[in-house]
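The chain that follows stands alone, in the form predicted alone, written as structure tokens.
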């Protein structure tokens, strides 16, 4: 075990490291500059449990009805040998043949072991990548891997379609609806970054097998219900931008050793669980340990990070709590009270605050003029 691994184990405490999945890896891109999140993810900390024990439980979680609806829609898309999916692939990707071969990798000869499934996925994908046949091949429940902060994460995309003009295409099946041809932009963006995780994992699999990683297309196929029915509709998503952000953040986690060394040894977020699984450590102790690692809070964190409520409470009365745009415009002005006093001329700007102070005074003057004009 390296010194960095020992430090991360100490930070995490007695709990085993929490494995990553595509959703948690995708969430890493939401706030790349946050040191707290980088260290917690590299250590494999169970953030939902930590947030609850510190007194600020995470507001996340799908209802069982949403999960059931998603499973039912995926089963519909894959029914009868993926008949509906093939129709969409012909429409969006120009599948040149009326049928396609199909391989289900959910188990291998009765084994559901993750290493066995991954080995079989790698074998079939590599073999198909070297084939010159222009045929459609569908891999259902393939198992991929991706290294995140020095730990191996197993990933299971909904489906991979191959030999659509000599390219692999990741297929992502979602249960949110496209109404009049338009889906919720936030949900589409989340699907795009999650699909980018699978594209990157596929490319690394091919590269490790001596194949060309560019065989995996930058465009993924998003399948979701049309309008208020369960009729599937497909769309192509370009994930090149998401891939760039994802690779940058994963590279940052790979350099976690340099980041950990910036903080004193002995820090631990151990919950001190009793025999029934109830944390015994005081919330105030956990909060003090967490505050050693600086956060980069913004309101957008509320949609992507389990520690969001803790960090929001910590950031109260700061300009960061007003959003990234405000924080960047007011660089050097950390607190709202300081910003208000600079705007009123009650305080003199310090080093690095002159531009922000001028902006605040202009905004205050324009506001006063507008109020006066309104009577």
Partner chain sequence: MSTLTALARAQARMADVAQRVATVRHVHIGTRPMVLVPLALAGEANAPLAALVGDDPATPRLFVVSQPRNRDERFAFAAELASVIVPYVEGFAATTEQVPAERGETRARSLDAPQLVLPNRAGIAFTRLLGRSTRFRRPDGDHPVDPAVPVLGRWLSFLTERAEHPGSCLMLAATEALSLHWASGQSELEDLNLATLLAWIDPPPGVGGAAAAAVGEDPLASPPAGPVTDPGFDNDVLAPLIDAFARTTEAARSESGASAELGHAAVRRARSALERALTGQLLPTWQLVWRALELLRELPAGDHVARRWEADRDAFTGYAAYLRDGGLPQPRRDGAVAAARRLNWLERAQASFAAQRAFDDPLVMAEYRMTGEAFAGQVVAADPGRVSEGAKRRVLRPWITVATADPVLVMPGTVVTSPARRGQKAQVISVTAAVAPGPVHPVMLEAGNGASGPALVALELSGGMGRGLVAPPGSVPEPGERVCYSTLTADYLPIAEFPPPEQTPWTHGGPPAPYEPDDEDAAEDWS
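The term rigid core refers to the maximal set of C-alpha atoms that superpose within 1.5 Å between the two forms. Not measured: the values here are computed from a predicted model. Numbering follows the first chain given and starts at 1.
Omitted here: the form predicted in complex with its partner chain. The next part is about that form.
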Can you tell me if residue 299 lies within 4.5 angstroms of its partner chain in the predicted bound form, counting non-hydrogen atoms only? yes
Is residue 47 part of the interface with its partner chain in the predicted bound form - any heavy atom within 4.5 Å? no
At 4.5 Å between heavy atoms, is residue 334 in contact with its partner chain in the predicted bound form? no
Answer with yes or no whether residue 369 is in contact with its partner chain in the predicted bound form, where contact means some heavy atom within 4.5 Å. yes
Non-hydrogen atoms within 4.5 angstroms of its partner chain in the predicted bound form: do 78, 203 and 208 all have one? no
Can you tell me which of 283-291, 252-260, 172-180, 195-203 lies within 4.5 Å of its partner chain in the predicted bound form, counting heavy atoms only? 172-180
Note which of 350, 55, 32, 323 lies within 4.5 Å of its partner chain in the predicted bound form, where distance is taken over heavy atoms; exactly one does. 323
Cα displacement of residue 334 between this form and the one not shown reaching 2 Å, rigid core superposed: no
Core-aligned C-alpha movement of residue 45 between this form and the one not shown reaching 2 Å: no
Given a core-based superposition, decide whether the C-alpha of residue 27 shifts by 2 Å or more between this form and the one not shown. no
